[in-house]
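Okay, so here's just one chain, in structure tokens, the form predicted on its own.
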């Protein structure tokens, strides 16, 4: 429901001041700090209306007002203006993702650390997960006259690698030949769709390299059969404990018990709720867990070659700096998606 302009300004002042100070906001504070051009008495009347409508509440008698969940929701949907990242923050994220890495887990952990460092809340990242695995690419790379690395890339972006011993006399050209045949025959297939006749065809074509082929096929099979488990990378958990809302020991225990529930957090990250652009903002009870009702969660999906494969999120108090966190999450997903694509396409060359 839309409200009139003056009420919007009063609500915005209460939300912004409470986010900044964690202290209930009074009419005199609004009159002095926000220059609305009306008297404290008029502001008090507007605050009374906002309270009656459920947008603000009074934590205790003779205190100022704080935003309710409904008030935060209105602020995010109608009043919030994105707070852009500083040049330094954008450079920090971009530079970190420019560094070459060959491991998905390393990229994910790096993203989580950056997310918690910049927002000062807890970060959550779900690694690439796409139902049934199918094979995308294999590369054999010579590392030593008697050793090679086998790298298998799955369609969900996961990379698996293993160092193998190779017989004397095997050249880089031989490895390219093996890689080429396996890529041509197996690309896009799941374990269930690989027929025995196809396997015989591969072994006949690469009969001279049976030892290497056995090891490569073993890694491919392991990768295809790998079950996607509920897994989540967490960062900056102690940032939450620095927030005034969590100075109560019981609330700390509740928060820590929530963070231990990876399955539940994965479901929250995967679920799409009310979106602001490509970013989903859940406030309090919208998270659908009574244990997290004093928290808010901001999430967004990241993709590989246009295909959604995972999600990142920030968990903070309902008194979260929404305008800043939405921008950080949005910028982070774009950079994470590009970094994953570069890594995977690079491995596929």
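Numbering follows the first chain given and starts at 1. In this text the structure is predicted, and so the values were computed from the model without any measurement.
Here the subject shifts to the form predicted together with the DNA, a form of this protein not shown in this document.
Figure note: of the listed segments 311 to 319, 279 to 287, 30 to 38, 292 to 300, the one touching the DNA in the model of the complex, with heavy atoms no more than 4.5 Å away, is 30 to 38.
Site annotation in the model of the complex: the residue of 25, 325, 10, 332 reaching within 4.5 Å of the DNA with a heavy atom is 25. Not displayed here, the DNA is approached by residue 63 to within 4.5 Å at the level of heavy atoms in the model of the complex.
Interface membership of residue 45, defined by any non-hydrogen atom within 4.5 Å of the DNA in the model of the complex, is confirmed.
Contact annotation: residue 70 falls outside 4.5 Å of the DNA in the model of the complex, judged by heavy atom distances. With a 4.5 Å cutoff on heavy atoms, residue 53 does not count as touching the DNA in the model of the complex; it lies far away.
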